[in-house]
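Next up: just one chain, as structure tokens, the form predicted on its own.
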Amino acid sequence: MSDSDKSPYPPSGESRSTFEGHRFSDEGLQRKHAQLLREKEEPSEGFSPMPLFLVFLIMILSFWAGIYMVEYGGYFDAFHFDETATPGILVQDTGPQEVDMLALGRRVYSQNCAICHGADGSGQAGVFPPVARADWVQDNPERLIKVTLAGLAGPIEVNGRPYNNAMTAFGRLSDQQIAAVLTYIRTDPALGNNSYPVSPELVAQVRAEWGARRNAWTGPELEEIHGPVTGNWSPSNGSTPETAEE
């Protein structure tokens, strides 16, 4: 290239040969295009296929995750996670089995009741009444079943102290779960109560009579049905309390 071609001002009436004569010629474009092809793949429409090793890796991880959930999922139920379930053991139907009502009641209590009444059953002063060493708990079990099914609202007195709050209805629990949790709080020595257990049959009986109720019970309503809370209720047949063991 001569010095005249390097001049920023081309001769009068003439174009710069380096600009129009060579840069955009067909031959020059082909050379540039060939250079780009060597450095970068030719663009195409659509997406590049996923590598096979990545497909197999995703399939293996999905298969492993499914096995892990089955083996260590802990058996989820409709409402709660059962933290006492033994992982990795499939439940087999071997017919009717005896249920440890204290163990079941303790689990139901921890999942539904402990958040308000406390893990130790001591409650919260003026807000949530205690269930440990409580006259309401050791009184007529039908009163407690009604409260569990439909809830409780308004002021009450427990052990002579006032409380004014609302208890959630737990009618979604089964008859056995309600019987178990009430048996637990009424008979477990750790809560200081020494009353009578509650049977699923009694819960079913009360549910059949009062289960359609949608409004929470109040203290006066329950007192009108069952009388004042005394804390020393006993069955009419005079049988002795059943003391549950840990």
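These figures come from a predicted structure and were not determined experimentally. Just count from 1 along the sequence shown to find any residue number.
Beyond what is shown, the protein has a form predicted together with a small molecule; the following relates to that form.
- Taking the partner from elsewhere, Lys146 is found to have every heavy atom lying beyond 4.5 Å of the small molecule in the model of the complex.
- Asn112 belongs to the set of residues with a heavy atom inside 4.5 Å of the small molecule in the model of the complex.
- Proximity of Val181 to the small molecule in the model of the complex falls within the 4.5 Å heavy atom cutoff.
- Not displayed here, the small molecule is kept clear of Ala119 by more than 4.5 Å at the level of heavy atoms in the model of the complex.
- Using a 4.5 Å cut-off to the small molecule in the model of the complex, each of Ile156, Phe170 and Leu173 places a heavy atom inside that distance.
- Heavy atoms within 4.5 Å of the small molecule in the model of the complex are found in one stretch of 201-209, 57-65, 27-35, 173-181, which is 173-181.
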